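Quick setup: one chain, the form predicted alone, written in structure tokens, and binding and motion questions come after.
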Amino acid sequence: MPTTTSPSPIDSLRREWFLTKLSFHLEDLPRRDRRAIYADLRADLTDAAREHGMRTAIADLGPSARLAHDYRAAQGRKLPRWWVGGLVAGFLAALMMFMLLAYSVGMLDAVASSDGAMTSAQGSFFWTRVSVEYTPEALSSSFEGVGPLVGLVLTFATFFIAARGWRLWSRRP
């Protein structure tokens, strides 16, 4: 049985790693609730580690995902999942930018392979006018239109829907 009052550096790392994994799963809880949970768990783990060791204290809590599920269920209401919304919206935004880039590169390739018959081209892709120019001295693309604004609105709408943002207005018991 350890006689020290504070955990060893290794035990502190184990405890903080467990709390870090838990924090990922609790990201959707209100900040004040998360802070209270972390403070309580940190103190409880430190106390339990004095008697049985940090590994046993952490193992007794079970997997961090399961513990987080129990804390979310204790809220008494379904919460928005902001990190899910962020992942889905980020993927959508990256996909839209990649598609626009691929379109403009395709246009540049068409102009470059025309053997000098044309040096520029214009097209439209998702409400965005794309102009490309290819000469021996310059290579350029320009974009104008409401496409980026439409993409931004779609990204925010996707974020809100994927995160289930309407749960924010549910009443707390």
Partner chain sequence: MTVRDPQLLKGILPTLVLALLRREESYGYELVTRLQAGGLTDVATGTVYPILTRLEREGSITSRLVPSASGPARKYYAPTTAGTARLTQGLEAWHDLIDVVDTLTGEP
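The term rigid core refers to the most C-alpha atoms you can superpose between the two forms while keeping them within 1.5 Å. All values reported here derive from a predicted model rather than from experimental measurement. Numbering follows the first chain given and starts at 1.
The same protein also has a form predicted together with its partner chain, omitted here; what follows describes it.
Among heavy atoms of L41, some come within 4.5 Å of its partner chain in the model of the complex. Residue contact check for R34: none of its heavy atoms lie within 4.5 Å of its partner chain in the model of the complex. Taking non-hydrogen atoms only, T46 approaches its partner chain to within 4.5 angstroms in the model of the complex. For the chain shown alone, D60 is a contact residue for its partner chain in the model of the complex, at least one non-hydrogen atom being within 4.5 angstroms. Screening 120-128, 138-146, 63-71, 106-114 for residues having heavy atoms within 4.5 Å of its partner chain in the model of the complex returns a single hit, 63-71.
Relative to the superposed core, S12 shifts its CA atom by 2 Å or more between the shown form and the other one. Core-superposed comparison between the shown form and the other one: the CA of A138 stays below a 2 Å shift.
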